[in-house]
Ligand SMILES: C[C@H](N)[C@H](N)CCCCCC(=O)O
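The data below hold one chain only, encoded as structure tokens and taken in the form predicted on its own.
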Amino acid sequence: MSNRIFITGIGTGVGKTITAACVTQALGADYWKPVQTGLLEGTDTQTVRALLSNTTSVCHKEVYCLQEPASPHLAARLENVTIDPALILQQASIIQPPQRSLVIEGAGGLMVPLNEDVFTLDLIRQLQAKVIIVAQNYLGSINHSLLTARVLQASDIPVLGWIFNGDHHSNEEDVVRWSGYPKLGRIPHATVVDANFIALQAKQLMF
């Protein structure tokens, strides 16, 4: 569905959840993280719900909640669970009303395995979602960014563009130019991240 937006990252800890909150706020969309790992740290759904200030967004319940802060396939294996993408697809159809945008947050990057055979990339294709790539500057981030872009290009998955997190770096312009995907915005580092911060950043995103 063209009104599904999948938030993926070039790696772990690059700001996907904050970005997802900003995109959800900007679009007045609904939010959903179908697979949550690392429950001891709380859920991303709880975080996003607390950061939204519009009155329309709904944060939907996860399909899988797993304790271990690890990739979904490993966290599931440790709990003797197998993640079934068919259940995720079925739930997506149930929770998303026609014509309503749904922001879907993935776990980690494109090649994170959900089970022994299916990767996040495969789930994005099955959901027929458009992708926003979240990136952050660190040593090796250009490589991770362009590998992510190449995989999406090779897979014929539509990409809306990049959202960068953290301190500005000239690498952003290079990544945009080399990938051919536009920059939708950037979310600066902040010591306090609250609903006001999210609302301000949401207004500056370019869709």
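A quick note: this is a predicted structure, and the numbers were derived from the prediction, not measured. Numbers follow the displayed sequence, beginning with 1.
Not on display, but discussed next: the form predicted in complex with this ligand.
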property: Placed ligand check: this ligand in the model of the complex, overlay by site C-alphas, backbone/C-beta within 2.4 Å; result: open
property: Partner contact for residue 196 in the model of the complex: this ligand, 4.5 angstroms, heavy atom; result: no
property: Contact test in the model of the complex: residue 107 vs this ligand, heavy atoms, 4.5 Å; result: yes
property: Any non-hydrogen atom of residue 37 within 4.5 angstroms of this ligand in the model of the complex; result: yes
property: 4.5 Å heavy atom contact, residue 180 and this ligand in the model of the complex; result: no
property: The unique member of 102, 112, 76, 127 whose heavy atoms fall within 4.5 Å of this ligand in the model of the complex; result: 112
property: Residue among 157, 50, 147, 70 with a heavy atom within 4.5 Å of this ligand in the model of the complex; result: 70
property: Which of 29-37, 52-60, 170-178, 148-156 lines the interface with this ligand in the model of the complex (heavy atom within 4.5 Å); result: 29-37
property: Interface residues of 134-150 toward this ligand, as seen in the model of the complex [heavy atoms, 4.5 Å]; result: none
